[in-house]
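Single chain ahead, written as structure tokens, the form predicted alone.
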């Protein structure tokens, strides 16, 4: 039977055990020893389930307390001086790099955080400062291999590859990849030598950077580094693992290098099959074929996958290893925890654990001459047929409405400059107007309140009154702080996408379908099972109630269609463009109802706009940006010119799509800038960005409270680069994950800094 491999496995725990114990550690409620013990128990459980499911190549070192690239930074001793000088134990230095540190008069910001390729996972950007010498500095990789070995489980250690590490790191001014080529190669050689001495049979080096556009110089760096690693592999096999796309830029270089095995993604990188057919695959080399999608939650189509494997088999000498397209980090744990979901829906889903079963069944079917007679194959095909015939959430009127769209539906009039003049007269805001991104801390009592409603312990009426009480308190607090444009706090929302999905027919929801977004932050993506529509208004009552409590403008808070799409698990039987337009029409209806109710400022958040941008630049416009920008414009094109439309984006590279962002035609954009050292300001200036903008003045993902002077200095830098009449002052993201003890003083400092600038 064919062998089975998994690129990586989820690490947060089936019930978010890692999140919970880590946050307890942050609060001082558990010790470092208790935290590390809990982590070891999770690793043991994950290795055992993979072993029990028949996985031949089980990963180790895919575990992390916060982020794997941050782990690798510490492994390579890329720890900036400001963190070393804190004098903390290694674990606390690690968390200081991830979250920042503010105690005992010491105040250090966290490392920047960015999206991991085109996913909703966020990685910590390693910083290699001047004078840093990359070297092997800890034994995490070896320790976790030894830990699994002691359980009787042979694993394949997984390590971020050297080119991906360098490309995603922040290098000193004037330094390039070539400056670190020799020392990073030596560090990896040292790691390989130590792993080989421990008896490791194979090392997996993850190089997803190879599926992006690379220059000949960068491919030369890749070739030089790996020529050395492979020459000094000490008898251990090296697997080069890629994912998220095809490797057409670097395929020739990969083929010429003496890798023992290569992992290719045949789900998102379908062009990899063409490359194999046209150029062949080196004899004797093992191909790890990523054919089970690691990023969706639908049952695999065995017919299509086996046909793909048959094509692969015809062009490789050695039968391929059947594997996941990428790590299962992006999938929830197991469908078996979804006790409350109707079986008619649940049986169509495959989370991480079920994907292990699919891999095993595909391996068993692969060598059969007549698969159609096998019960496993027949059961799979019957299930897929049932799904295709399902009428659940089939709305003919929605399809007709999308089909009837014309160009006028995507254009707002008059021009921005005319709207800017009208909105200044309408809102009469001061220079440097202050606001927040929308959400306020979701404290334990708020979560308990929602649970009490769900469990039937309180009535709907009591729930509404208690949420209204929270809104009243928040409006009063914001007025006392002195904010200019207020928000209602989003207390009724568990999650910015989940809440909208709950109110839009066409979505399914899980009880325990958690996936990691960053660090200890987990989300439960909704599932788009069918057509999407809005049945009735669902934010209007909350927003208008908040507006009734104050004379200052209160923002209507909505999530945009692209973020709802990108942060959900989409259906696979419709083009993404059509799904986006369906969602956009639903949100458009909500926007127009908010405007009719007297709301003058409406924010349509699109933090995930860049997330599904194709990794190859040549495909950006045609395959994504054209329809993504139009979907956003469809949402707001019908409002009056006096109504001010805001949007928000965060934790991605936006420099190369700034023109498309301007084409979205929002009146105001708030954008992450705090963790990127305000480099976004130069991008806005260089591209003559004409609309209003609120670059985040402080990082909400860190518990530190920014001093007023720090914020004022940031505003001075903004004033030097941007039109002073178009600058907004706001945090860089929503405040949901922070505490009120951190939030209130931070916002007071923000307001005082803005006032001093006026």
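Quick caveat: nothing in here was measured; it's all calculated off a predicted structure. Numbering follows the first chain given and starts at 1.
From this point on, the text means the form predicted together with glutamine, which you will not see here.
Indicate whether residue 557 is a 4.5 Å heavy atom neighbour of glutamine in the predicted complex.
Residue 557 belongs to the contact set for glutamine.
Looking in the predicted complex, any heavy atom of residue 567 within 4.5 Å of glutamine?
Output for residue 567 is yes: heavy atoms within 4.5 Å of glutamine.
Does glutamine get within 4.5 angstroms of any non-hydrogen atom of residue 738 in the predicted complex?
It does not: once glutamine is placed as it appears in the predicted complex, residue 738 has no heavy atom within 4.5 Å of it.
Quick one: is residue 490 in contact with glutamine in the predicted complex, heavy atoms, 4.5 Å cut-off?
Flag for residue 490 set to yes.
Pick from 432-440, 470-478, 320-328, 69-77: which stretch has non-hydrogen atoms within 4.5 Å of glutamine in the predicted complex?
Correct option: 432-440.
Sort through 269, 607, 513, 501 and report the residue having a heavy atom within 4.5 Å of glutamine in the predicted complex.
When glutamine is considered in the predicted complex, the option within 4.5 Å is 607.
Go through 650, 486, 110, 594 and name the one with a heavy atom inside 4.5 Å of glutamine in the predicted complex.
So the residue touching glutamine in the predicted complex, by this definition, is 650.
Would you give me the residues of 81-97 that have any heavy atom within 4.5 Å of glutamine in the predicted complex, in order from first to last?
The stretch 81-97, when checked against glutamine in the predicted complex, contributes no residue at the 4.5 Å heavy-atom cut-off.
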